[in-house]
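Only one chain is shown below, in structure tokens, and it's the form predicted alone.
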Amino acid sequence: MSEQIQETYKHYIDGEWVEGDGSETFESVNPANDETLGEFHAGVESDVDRAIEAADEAFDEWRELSHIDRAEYLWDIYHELRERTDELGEIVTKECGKEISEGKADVVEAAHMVEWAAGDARHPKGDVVPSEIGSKDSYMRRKPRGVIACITPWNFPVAIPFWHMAVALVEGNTVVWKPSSVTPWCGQIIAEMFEDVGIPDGVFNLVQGFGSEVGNPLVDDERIATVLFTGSSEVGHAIADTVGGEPGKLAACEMGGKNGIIVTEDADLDVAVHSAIMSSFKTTGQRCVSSERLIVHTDVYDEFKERYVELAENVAVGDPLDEDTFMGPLTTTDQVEKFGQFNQLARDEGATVLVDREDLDDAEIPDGHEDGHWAGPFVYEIGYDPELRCLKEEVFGPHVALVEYDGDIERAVEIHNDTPYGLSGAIISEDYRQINYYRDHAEVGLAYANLPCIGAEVQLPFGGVKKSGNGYPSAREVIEAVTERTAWTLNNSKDIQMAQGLSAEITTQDD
């Protein structure tokens, strides 16, 4: 593994490290101190073309291997991820800024996904389906789709790539991957892993760079069978619009959220406050499943607010490599700017600010980290109004609204659902009827009871509804996006019999 970059890193195409045709380079920067971690070649359209060509040519030979043989390459990567969790977790933390336990958890999650995908290679594939005709065998088979484009974000720079690629590869597809330009170092390390395990040339390809020069031509190319995307709603919907116009091509896009937690009058407030703090501020609010809305019943509102505000005022913001840190920096300067703009929007829309740590005191910033992208929690209360932008638009930062409601669970869920997004959410209640109502009526793809609305496990589908997604580019449901189904029927008789009573008799003019 490359420690810190000593030279400009290259793309990995058709089993070789290549500089590519572009003249531009870009840097990876540590958001905690603005220190340059290294330099990378930025790909261009011709580099993407070469990577797709390599993947396309490798597909036929790769698909002919058994699931189990393909999975052997992933098992080797799984063991490397487990053996190097601490080391790689520190690199994740250095590159995207989340605190060290989250950096390590990112690597563990990647290992879990690889373990699931590789283990699934030995599980039954397809379904035997009874036929109306006793002499027929009917079953469903899956086959790989071809070249899969994987476009992944910076907030989970090791886990999410393996959400996409592990299943795609085990199922017999080849891959061209564009990691985020914010976390290219993690991309480099993953590519080195594939090289180390001897993945056949062209099966896995890495092109570093930006969306306009790498992502767009990757999505547009007719040789791409499926696009797997995790990232912003704006980019995801643009990808879905592009791919939707091409017959036979698929896009599975998991996008953002304006996630809510309902705290009912029957909530255990210890559980409620703990769940809300975790949901709002882990990864400095930079998870697609982070909660930016807390919808709290009037009977418990005052006590919940007091306890939540006290913790939000005191959660430890600091060096993400320090194990006592709860929140690291925001990852990019763009995120810092967006965070400030939405905080001001909340004020302009009538919010009462309860916690304002947008500009941290100098004493809170670690020594030697003065140039980092620092911000703390921003918490406010505001009366519910369906026209408020601060309750509708995703911030992707530690920006949290408290909304008081008076009424039954139906009213709470109505407020909860009043957003264009539908990714994740939670209900905190000791009343199982309230929990079941939320389960049946909340417009989300990921739902939790008496838990934070973060922390999904890889064996479950991960995706949302409404503006949050059009598919599941992860876990077991990604199989639907990277394979084709064939309904296969075999006749074991010399006679032909048809279903639905359709006559199989052939008549002629002489009959």
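What you see is a predicted model, and the numbers here were worked out from it, not measured in a lab. In this text, residue numbers run from 1 along the sequence as written.
One more form of this protein, predicted in complex with ligand NAD, exists but is not displayed; see below.
Remark: none of the three candidate residues (V18, D47 and G187) comes within 4.5 Å of ligand NAD in the model of the complex, counting heavy atoms only.
Contact with ligand NAD in the model of the complex, judged by any heavy atom within 4.5 Å, is made by just one of K178, H399, H416, K98: K178.
Exactly one listed residue, out of T85, S131, S232, N436, brings a non-hydrogen atom to within 4.5 Å of ligand NAD in the model of the complex: S232. For N216, a non-hydrogen atom is located within 4.5 Å of ligand NAD in the model of the complex, even though that partner is not displayed. Taking the partner from elsewhere, E394 is found to have a heavy atom lying within 4.5 Å of ligand NAD in the model of the complex. By the criterion of a heavy atom within 4.5 Å, G376 is excluded from the residues contacting ligand NAD in the model of the complex. When ligand NAD is considered in the model of the complex, G119 lies well away from it, no heavy atom lying within 4.5 Å. Stretch 234-242 is the contacting one of 74-82, 234-242, 120-128, 377-385, since its residues have non-hydrogen atoms within 4.5 Å of ligand NAD in the model of the complex. In sequence order, I151, T152, P153, W154 are the residues of 123-154 having a heavy atom within 4.5 Å of ligand NAD in the model of the complex; the partner itself is omitted from this view. Note on P473 and V444: their C-alpha atoms are nearer in the model of the complex, a change of at least 3 Å from this conformation.
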